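Below sits a lone chain in structure tokens, taken as the form predicted alone.
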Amino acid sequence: MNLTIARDELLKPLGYVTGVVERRQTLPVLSNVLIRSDGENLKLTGTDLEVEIIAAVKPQSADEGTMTVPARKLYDICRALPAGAEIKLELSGEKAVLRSGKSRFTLLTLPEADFPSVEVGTWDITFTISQEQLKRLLDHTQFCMAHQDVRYYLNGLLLELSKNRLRAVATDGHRMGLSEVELSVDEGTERQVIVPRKGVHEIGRFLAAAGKTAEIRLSPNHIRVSVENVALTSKLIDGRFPDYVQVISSTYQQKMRIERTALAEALARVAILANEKYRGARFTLRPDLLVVTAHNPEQEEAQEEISANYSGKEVEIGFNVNYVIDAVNSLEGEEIELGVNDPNSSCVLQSPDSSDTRYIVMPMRL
């Protein structure tokens, strides 16, 4: 197998594929990228058995053939070559020889027959969504996913398809992010799937094209997201996501409107002196004023007063300041609406003009 390709054409798709390859693998072949050529097009495949990415690229010339080479080494070599370089890759016995200008690299290959493929079964739901909308859904919610929680179903993102809407929900048990968009799908199409953390992260890496669409396919155990020349297939988390609707209060007795930028800047300053372990801050809602204070074990204190549109009773409530900062930074618009009931119940943060994206933050004792 011989192929010639421009370094700049190969680098981006190879980067997508390499991103899914773990540094430490139980099977040596999983550290490799599968390169397959039909004589006209080149397909690069990487997998960790949970997530698989296939990226297509058109070479300058190529023979039919297949090989597997170390993914990260190939990517690092290509990245280190000068822009505009031409790459020639040749399979010679059990080794692959890469040449570019006066550079020459020899890489050990492994049998392509050992390279696994993801068995997906039958796709029973297919729909399209703009890449911008899908990226927005993921960006607005994925930071709320749990990290290595024993409740394994929280270590992923819920995608819920119902009533011509796609909703993304993520929670770690202390906070929750919810975002949704309208879709053009068949009436009555409903499905809930939990996409694992790694799949969510890798999908977000190649969603960038403005005005372009992404195709999403669902089977009982897998999801596939395809955009132009890249397709990602991920196993789904087999579990039941919590009934998040119960967490969302339909009415909040106390509502405060506050300038988003002013709040974000004030919270960033207060967070400097918050307890490094618990990250607690006290939020005091007063007429036309929000007071945020934080302490730490060294008896240091930070206090910020932010003007707000509020005429309710005084409420004092504690939150993890990092959770509030994440929500405020993710929301759009000039103002934020903060809704609370009492010091012992959750609060909601959203834009006053839209409820498509909401964040629920649970209180903490200070």
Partner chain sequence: MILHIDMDAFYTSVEERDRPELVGRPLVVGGTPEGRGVVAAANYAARKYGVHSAMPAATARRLCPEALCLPARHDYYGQVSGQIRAIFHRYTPLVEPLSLDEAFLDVSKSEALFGSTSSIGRRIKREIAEELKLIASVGVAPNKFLAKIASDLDKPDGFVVVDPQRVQEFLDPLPVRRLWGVGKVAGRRLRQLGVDTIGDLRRLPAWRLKQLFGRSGEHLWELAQGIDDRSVIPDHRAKSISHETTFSADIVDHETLRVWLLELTEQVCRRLRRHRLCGRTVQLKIRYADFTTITRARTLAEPTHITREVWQVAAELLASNLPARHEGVRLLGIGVTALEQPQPLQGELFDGDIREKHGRLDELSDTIKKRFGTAAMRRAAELKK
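None of these values were measured; they are calculated from a predicted model. Residue numbers count along the first chain shown, from 1.
Unshown form predicted together with its partner chain; subsequent notes refer to it.
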In contact with its partner chain in the predicted bound form (heavy atoms, 4.5 Å), from 36-44, 315-323, 60-68, 22-30, is stretch 315-323
Exactly one of 179, 171, 293, 233 comes within 4.5 Å of its partner chain in the predicted bound form through a heavy atom, and that residue is 171
Only one of 212, 104, 79, 151 comes within 4.5 Å of its partner chain in the predicted bound form by heavy atoms, so just point that one out. 151
Though only this chain appears here, would residue 85 touch its partner chain in the predicted bound form if you measure heavy atom gaps against 4.5 Å? no
I'd like to check something about residue 242: if you look in the predicted bound form, is any of its heavy atoms closer than or equal to 4.5 Å to a heavy atom of its partner chain? yes
With a cut-off of 4.5 Å between heavy atoms, is residue 344 one of the residues that contacts its partner chain in the predicted bound form? yes
Heavy atom of residue 3 within 4.5 Å of its partner chain in the predicted bound form: no
Which residues from 261-300 come close to its partner chain in the predicted bound form, meaning a heavy atom within 4.5 Å? 278
